[in-house]
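A single chain comes next, written as structure tokens; it is the form predicted on its own.
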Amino acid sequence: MAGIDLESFASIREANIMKLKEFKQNGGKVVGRYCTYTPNELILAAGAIPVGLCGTSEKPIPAAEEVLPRNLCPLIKSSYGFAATDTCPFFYFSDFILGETTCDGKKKMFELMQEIKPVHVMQLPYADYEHALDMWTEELRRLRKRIEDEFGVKISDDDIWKATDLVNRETVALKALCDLNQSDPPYLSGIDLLTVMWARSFNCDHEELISMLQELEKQILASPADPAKSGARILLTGCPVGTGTEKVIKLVEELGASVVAMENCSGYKTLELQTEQSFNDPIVALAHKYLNIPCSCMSPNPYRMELLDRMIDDFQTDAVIDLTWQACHTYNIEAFEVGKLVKSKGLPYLHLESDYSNSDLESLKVRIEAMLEMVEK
């Protein structure tokens, strides 16, 4: 697959709109998803295509605020706004929407979205207790039946195992690309990382995506890392970041530093997790994998701190920025523990709370600049 570069990933979204249209015209089915807890394997095993729907644009928020409160998380408002205004082609092509109860705002938003399109909501166990895995396993069985009923198909165990192998290989390829930034200087800028990570959820062909990731890794390794990227190395954690909400990444890199890694759920958070094929039942295997995602909705959530601890060391981090979107209470509260961890490692820590607007760019810039002055390089 010659000629793969970062621009190839930047154009994935637009290119796949046409692929989805053709797929639908030929009778294909599409499931819209919002969260990393979504088991893409079950969707793929049904012969359908999962597509990402998380809103990362400020544009549809005014329309959403006609229904939703203004002081709600901008990600939720943006997501609902795209649905309500029918301005997202991926939502348009989705046959039904797959939601989850990762936060109160989203689960109530899904009640309203049900009036626009069919919605299936997975009930997520928030805590590590005796029956949590059993509950989550049953939720995945319920989802399997909903997909079968919705699309008139039978999902076999063999189909699920084949899909788990595909998703596992994609995760390995993406992690290998991200791990290139453990070098100093890093091979990829934060915007480069975001471009690749965000494009992943819009690609219809997962085998093609794996090949693209592997080819991009080869091409990057064939060229020396840019010494100009040798400034302060920043790890970004917190709420999801996507194309359209990259203002903190841009500010960091405009100030001469590099975002070398992103722990958030649109970044590295799930890249260590694989579906183990040693289980007899693929649904149980999927339940084990997805219940281990270290989202701040989980209580307790020790794996996130363990992951951050390792990433700080592996990516030779000089400072950590923790970004919380307005009204995301779980990440806002968990910022206290993240700050303790980072400071215990002797590194500067900056917690930012913002929304999707650019009204706070100057204040964010001042605070980031002050943090960077604390970095010893």
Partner chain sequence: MIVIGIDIGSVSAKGYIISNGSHHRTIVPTGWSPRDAGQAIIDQLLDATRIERDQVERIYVTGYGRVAFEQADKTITEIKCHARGIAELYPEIRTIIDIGGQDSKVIRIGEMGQVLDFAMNDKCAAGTGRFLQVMATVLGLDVSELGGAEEPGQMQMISSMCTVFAESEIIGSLARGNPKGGIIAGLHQSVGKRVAAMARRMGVREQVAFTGGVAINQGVKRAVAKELGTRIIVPEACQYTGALGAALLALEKG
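Positions refer to the first chain, counted from 1. Keep in mind the model is a prediction, meaning the values are calculated, not measured.
Beyond the structure shown, there is the form predicted together with its partner chain, which is absent from this document and is the topic of what follows.
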**Request:** Specify the contacting stretch among 61-69, 345-353, 25-33, 315-323, defined as having any heavy atom within 4.5 Å of its partner chain in the predicted complex.
**Result:** 345-353
**Request:** Determine whether any heavy atom of residue 373 comes within 4.5 Å of a heavy atom of its partner chain in the predicted complex, and answer yes or no.
**Result:** yes
**Asked** Hey, in the predicted complex, is residue 363 touching its partner chain, heavy atoms inside 4.5 Å?
**Response** yes
**Message:** Even though the partner isn't displayed, in the predicted complex is residue 13 close enough to its partner chain, meaning a heavy atom within 4.5 Å?
**Reply:** no
**Message:** Please tell me whether any heavy atom belonging to residue 19 falls inside 4.5 Å of a heavy atom of its partner chain, as the geometry stands in the predicted complex.
**Reply:** no
